[in-house]
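Shown here is one chain on its own, the form predicted on its own, set out as structure tokens.
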């Protein structure tokens, strides 16, 4: 019996050594390639340069997979998570709500990584969830707002509006002079949400305050019970009713919106700063700097409050095949020299220390509002649930003019998404 026990013990020891040795001695196997998923609206030139340098240094190739942008992007990635078809890393919208969207137990925790030593404090705070970090900032701080053609404004004798009534007068003057006052890309859908989102810090935040946003976060306040938000929707419909959108606005596209604003056919467009690099690629940086201006949506009494968008982020699936090498690539992408490459092609205010970026004129205007305390982060980035299908709701609003119906559906989708994400209070 004793001999049998000793023999069994020896077999266990041998077996343990046999299975433990390769991992302990070899460590994670170096992959031939890494997969990086990005939205198809991403400018690929800087990524291709950064990844080519990474390959030259490490021998590891980097494959870029560009998926459809917008809400579909998140849905496709969630599907890949559900089927365990993980990319090695992927870029995502900003905000910690993305942590809860994908599940913090399925994302690689990055807390304490050296890359965060170089992140500006405000961006670092925005990235923390319960004191922990699961995403590395990627890109720069940007803004949504009213982008205008400076030549058109000069031709009609207009300046940055002093209040909302002044804004309406400028649009009417532009129309009377033969310009398109506002070009809306209703067919493309997603640009439709910009007006309501830039109106939030000007009209809604002053009414409900940060406390009201926290109530929304806890599902203690309903979106359809906020009179200021109903007012925003009504103002949007009123713009259309006043004939201030282009003829046939329902067939308007994003590409045409950019083209007509840049060439001075349209006076203004409600847009995000991400469209500036596309304009620069087509018309050149000097042209865009000279022709395109920006201002926040004005309030009834002043110039309004700027809406800021935080930097996007890079996330790594915890159960990916090459997490150690994926994090190595994240650190490489966020080095100052590679951030410098990124900003050769992209607009925005850098979030990593030491990055060399000459701000465009409109970015300096945004920064001035921020430094004056007249700026707020996009409300969607402050909430864990989402304004699901917001562009479709607004597209339908422009067809039906049913403000209450649009608010009810927005509220219903917001609470349904919060419940699906198992958020507290939903």
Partner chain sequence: MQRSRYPNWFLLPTILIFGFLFVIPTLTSFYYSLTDWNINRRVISFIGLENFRELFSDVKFRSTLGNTLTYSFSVTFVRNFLGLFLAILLNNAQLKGRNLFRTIIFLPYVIAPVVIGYLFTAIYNPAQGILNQSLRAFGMGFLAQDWLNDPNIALFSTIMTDVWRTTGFSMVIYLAGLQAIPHELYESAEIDGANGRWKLTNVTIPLLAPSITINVVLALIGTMKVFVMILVLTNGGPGYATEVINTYIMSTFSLGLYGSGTAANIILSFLIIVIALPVLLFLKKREVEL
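Numbering follows the first chain given and starts at 1. Predicted model, so just to flag it, every value in this text is computed and none were measured.
The same protein also has a form predicted in complex with the partner chain, omitted here; what follows describes it.
Engineer: At 4.5 Å between heavy atoms, is residue 395 in contact with the partner chain in the predicted bound form?
Structural biologist: Residue 395: contacts the partner chain in the predicted bound form.
Engineer: Answer with yes or no whether residue 101 is in contact with the partner chain in the predicted bound form, where contact means some heavy atom within 4.5 Å.
Structural biologist: Although the partner chain is absent here, residue 101 would touch it in the predicted bound form, with heavy atoms inside 4.5 Å.
Engineer: Does at least one non-hydrogen atom of residue 79 fall within 4.5 angstroms of the partner chain in the predicted bound form?
Structural biologist: Yes, residue 79 is a contact residue.
Engineer: May I ask you to state whether residue 56 is within 4.5 Å of the partner chain in the predicted bound form, using heavy atom distances?
Structural biologist: Taking the distances in the predicted bound form, the answer for residue 56 is no, it never comes within 4.5 Å of the partner chain.
Engineer: Considering 251, 177, 234, 263, which brings a non-hydrogen atom within 4.5 Å of the partner chain in the predicted bound form?
Structural biologist: It is 251 that has a heavy atom within 4.5 Å of the partner.
Engineer: Quick check on this chain: which one of 286, 210, 220, 105 has a heavy atom within 4.5 Å of the partner chain in the predicted bound form?
Structural biologist: By the 4.5 Å heavy-atom cutoff, the listed residue in contact is 105.
Engineer: Picking from 28-36, 385-393, 41-49, 360-368, which part of the chain touches the partner chain in the predicted bound form when contact means heavy atoms within 4.5 Å?
Structural biologist: Of the options, only 385-393 has residues within 4.5 Å of the partner.
Engineer: Need the contact residues for 289-327: heavy atom within 4.5 Å of the partner chain in the predicted bound form, sequence order, or none if there are none.
Structural biologist: Result: empty, none.
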